[in-house]
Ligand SMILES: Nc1nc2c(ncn2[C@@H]2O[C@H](COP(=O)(O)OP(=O)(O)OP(=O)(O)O)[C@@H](O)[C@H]2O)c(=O)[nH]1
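For reference, the chain that follows is the form predicted on its own, supplied as structure tokens.
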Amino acid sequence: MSPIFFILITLLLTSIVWSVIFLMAWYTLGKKLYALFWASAFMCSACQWGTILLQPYFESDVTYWMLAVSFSMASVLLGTWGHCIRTRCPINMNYLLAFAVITFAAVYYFKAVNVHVGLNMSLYIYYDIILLFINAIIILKHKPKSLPAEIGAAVTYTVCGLCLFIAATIALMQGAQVNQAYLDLYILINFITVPTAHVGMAVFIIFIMASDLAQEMQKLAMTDVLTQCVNRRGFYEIGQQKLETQLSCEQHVSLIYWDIDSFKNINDEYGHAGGDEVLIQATKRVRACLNKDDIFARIGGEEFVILIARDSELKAKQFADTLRTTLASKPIEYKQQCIDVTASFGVISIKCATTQIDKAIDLADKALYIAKHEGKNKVAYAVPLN
């Protein structure tokens, strides 16, 4: 038996193993749809290698070839679809599907109608190459700062695409008839590249899933369960960095410390479930007023803090009053009862990037105390931190 036979057996078995792994990942890690697509992609790869192994048993060479081509294209297409789902990429998959159908039809034409060995061997590989490069771009553009696993996957896709491009071009150079020298070189490059890329892509995709899971766990650890705001720990971790970043961009940064007025009375009258509902609805109202870069945290009980950056100091100062009027604009409904809710605010403007976030909170808290002392449902401003 030739070495190629053993390579194909290895590819078949590893494809099945990877498919099972991704199926298990789909089942155990929250049934993420993209994991199911990746499991399907590797199963298509397994079918491709199985088809090649069974070539002698096909009565029609056209049937064998078109089946192998369809599995190859489906594998890359499903893998790309999975990456699009994971990254919420706006690519319209209908275009890639239509492109696949056109490519498949062209391969069939040059295999069964107007025979051209170079074209029927290379066209579907060029399709796969384009999708591999699209995958690399999708992965790298997913976040402002890519994860190491994402960089590794993108590099693997790119290198694999380049090697396949060389192989496809060599296959195309055969012309209409088989050229044994070019065919041997094509097989050599193909069977050196494919096993390595096959394992590399699978491993990096698993690393990507593990990295995503780690980030989700970290996010959960920094999120308040009731209100879905950042918790105290999370605010201290990301607040300082955010403060320094925004001030370096010459934005006007303010820290707003606020709490719900007479919250103990609300708990006493409506119970803790009523108090929880007030917290949930109040934070929803406030969140609707925030910019996407604002940091909103629940420090404890009915106390909250918001770090904002605006393009003028006046806007930053006025924002707290906007929140105050929004909260007091209408009662919160709870079990067919209306609960009037107001809040008091302490605001501190921060002008120095070296300011410690805990010091800013302390000063804003003192301003909040003044707002409470003046009758509640008010905004008080602390002396700006230089």
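Keep in mind that what you see is a predicted model, and the values were worked out from it rather than measured. Residue numbers here begin at 1 and follow the sequence given.
Just so it is clear, the following notes concern the form predicted together with the named molecule, a form of the same protein that is not shown.
- Exactly one of the stretches 116 to 124, 164 to 172, 260 to 268, 285 to 293 approaches the named molecule in the predicted complex with heavy atoms within 4.5 Å, and it is 260 to 268.
- Checked against the named molecule in the predicted complex, the residues 212, 244, 237, 276 give one hit for a heavy atom within 4.5 Å, which is 276.
- Contact with the named molecule in the predicted complex, judged by any heavy atom within 4.5 Å, is made by just one of 219, 272, 143, 315: 272.
- Residue contact check for residue 366: none of its heavy atoms lie within 4.5 Å of the named molecule in the predicted complex.
- In the predicted complex, the named molecule lies farther than 4.5 Å from every heavy atom of residue 378.
- None of the heavy atoms of residue 83 is located within 4.5 Å of the named molecule in the predicted complex.
- Using a 4.5 angstroms threshold between heavy atoms, residue 301 counts as touching the named molecule in the predicted complex.
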